[in-house]
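First, one chain by itself: the form predicted on its own, in structure tokens.
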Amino acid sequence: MGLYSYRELSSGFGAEILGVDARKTPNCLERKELKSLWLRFGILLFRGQKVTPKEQVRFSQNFGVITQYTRNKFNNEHNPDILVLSNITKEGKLIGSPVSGRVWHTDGHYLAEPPAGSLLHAIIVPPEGGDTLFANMTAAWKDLPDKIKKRIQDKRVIISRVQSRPYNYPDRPPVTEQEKSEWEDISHPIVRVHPETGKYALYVGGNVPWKIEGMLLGESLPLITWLQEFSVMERYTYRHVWQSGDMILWDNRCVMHRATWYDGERYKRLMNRTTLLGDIPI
């Protein structure tokens, strides 16, 4: 028996950990077991958490080093390690990012060293909509036909924010010349080896892959599309319906996610996110 009881969210993917108060500091053995459960299940859910931003940062540090990488204007005004996701306004200005991640992605996929993990704390949630979908990229890799595995195992994919912007955010203005100069394309392996578990996971799904190195575009794009659609089939996904006080930690190295729509005109939403430092995918 371990130190913590848990309930699986879906078969072998994701677990609700019982009896955790994120305001308290776990001892060495507790911290080790929580980390082990995270690496095992890819997603950990902690319900009923009433933490301050400072306490959320401290709890997140049990799993790695905190980092910041995007949207500084939406960082918590008192704690910049917290990214605020919200449609709430204060003095006529949004306090957070109102729309985020509504296409499949892994956080920071366009960085040379993408984040290892993300932890999201739900404070105010709408009564309907705003769910989050998660995809098990390790299971998707395992189930790929052998001929596809052989075809992609040593390939790399180009991650392009410039090329994917019109697809991800068709409502936003075109990419500026300054953004083009700042948003360099990044090359990552299609199949990623988890640095802590050694397990393989698909790393091509999501919102920013553009083309496979060494392939003609007419061959590359259909293959990427097929891999993306394969990896998010229902058998590999879990839908989380948020409750206020939920805290979810996911592993960006083997899990994709996607936010879903909610009626921002009728309902308020407030969530705080912390991010864990990652490394170069191998």
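The first residue of the sequence shown is number 1, and the count goes up from there. Treat the numbers as computed from the prediction; the structure is a model and nothing was measured.
Just so it is clear, the following notes concern the form predicted in complex with succinic acid (SIN), a form of the same protein that is not shown.
Three residues, Gly101, Trp250 and Arg273; all within 4.5 Å of succinic acid (SIN) in the predicted bound form via heavy atoms?
So, yes: the whole triplet contacts succinic acid (SIN).
Exactly one residue in Asn87, Thr138, Thr132, Asn76 has a non-hydrogen atom within 4.5 Å of succinic acid (SIN) in the predicted bound form; which is it?
Only one listed residue qualifies here, and that residue is Thr132.
Give me the residue from Arg156, Arg192, Arg161, His105 that has a heavy atom within 4.5 Å of succinic acid (SIN) in the predicted bound form.
Here the answer is residue option His105.
Going by a heavy atom distance of 4.5 Å, is His257 a contact of succinic acid (SIN) in the predicted bound form?
Taking the distances in the predicted bound form, the answer for His257 is yes, it comes within 4.5 Å of succinic acid (SIN).
Heavy atoms within 4.5 Å of succinic acid (SIN) in the predicted bound form: does Leu120 have any?
Leu120 belongs to the contact set for succinic acid (SIN).
Could you tell me which stretch in 105 to 113, 145 to 153, 192 to 200, 88 to 96 has residues with non-hydrogen atoms within 4.5 Å of succinic acid (SIN) in the predicted bound form?
In short, 105 to 113.
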